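Below sits a lone chain in structure tokens, taken as the form predicted alone.
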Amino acid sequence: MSLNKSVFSKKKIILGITASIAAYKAAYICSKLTGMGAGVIPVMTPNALNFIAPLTLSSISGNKTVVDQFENQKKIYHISLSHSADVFLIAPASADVISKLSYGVGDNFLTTSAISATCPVLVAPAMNESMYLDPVIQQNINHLKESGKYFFVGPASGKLACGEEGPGRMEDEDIIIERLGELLKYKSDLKGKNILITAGGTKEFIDPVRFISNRSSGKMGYALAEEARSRGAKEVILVSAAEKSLKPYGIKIVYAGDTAGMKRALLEYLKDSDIVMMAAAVSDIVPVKKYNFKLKKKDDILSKIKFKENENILELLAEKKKKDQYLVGFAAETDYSIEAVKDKLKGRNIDMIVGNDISTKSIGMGSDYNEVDLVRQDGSVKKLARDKKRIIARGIWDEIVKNLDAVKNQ
């Protein structure tokens, strides 16, 4: 293995084993991880008992192998264990367990602990070729990948237990361990960093019932916040105008419906933030006057509604930005061009702008998908092809982490 063994030292790893003939390979993985200083807690499905004995894994790891769904140790164990783990490995992962995780079915200790895990979950499929290639299984695998929490390694192609040959064989154990090490590094990418992100479209009220807004759903900002938490950020604060969105686990939410509220929240947390991302769609115009009563049509309503240009929060943040802070803006346009995005960076203290074309409903505002260009202050551009917003968020953070590492190593 080329990976630095110190990556595993003192890390807590849950090793899940499901009902597969490849279960015996889990003993090697357990031994290797333990030998590199990791604390391994084996977890087996009841059906996995037909393939390997719990005593084998307990003896190798030095920890009790958990099988019973209602195993408890002071606290609810499938929660406390999964929340304390650095990474969760399921090797081998059967078609049954992959499908259960895709649909959120927690019917044993392994599935309930994997569902409740807040760390990355690495899945190593092992099954017959016809099972692996089944459209439903492929759909379930893709669903888990798109969630951003589940990562896959393999399967490899070769001779299968049934005598057939093809994809479905569990990936080589050393390759699985190497991928696991990469995830441990991934989980510490933002260690010690305070992250400040905005999301959603602001609502600028005209009167108690009417407002001007936009189609922003907040999904991109929420995906960025979840990805930051997964990468080990010290604290993630999400200033959100999307009040109906489901609150992500482990993230501090500050609701701010309009520009004024969002500005107050940003200025409150800006000083202590290492990375600031303006993913919210802040209204370009606001009413000149906000009425505290509903305007009536019969009272010449159109003459009372006038607008003015809104203040630019991103420019304000750029002015206040400290040297060691990293600031990211977003630009959503229908007449989109890279050059227009680059123009937004000229003469402004902004490190990166994420540009996206919103001329079609298949990506951008309101969609679960996005396709963006990452434009840096030096003029370099990285394109992220159309994908689920959580995967796009990962690509954005990959670029930021790479930029931060480059600065650190200068």
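Predicted model, so just to flag it, every value in this text is computed and none were measured. For every residue, the number given is its place in the sequence shown, counted from 1.
The following text describes the form predicted together with a small molecule, which does not appear among the structures shown.
Exactly one listed residue, out of 96, 258, 207, 146, brings a non-hydrogen atom to within 4.5 Å of the small molecule in the model of the complex: 96.
A heavy atom within 4.5 Å of the small molecule in the model of the complex is found for one listed residue only; from 223, 277, 126, 180, this is 126. Within 4.5 Å of the small molecule in the model of the complex, a heavy atom is found for all three of 19, 45 and 131. Of the candidate stretches 96 to 104, 138 to 146, 322 to 330, 172 to 180, only 96 to 104 has residues with heavy atoms within 4.5 Å of the small molecule in the model of the complex.
Although the partner is absent from this view, residue 28 stays clear of the small molecule in the model of the complex, with no non-hydrogen atom inside 4.5 angstroms. Contact annotation for residue 51: at least one heavy atom lies within 4.5 Å of the small molecule in the model of the complex. Contact between residue 108 and the small molecule in the model of the complex is found at the 4.5 Å heavy atom cutoff.
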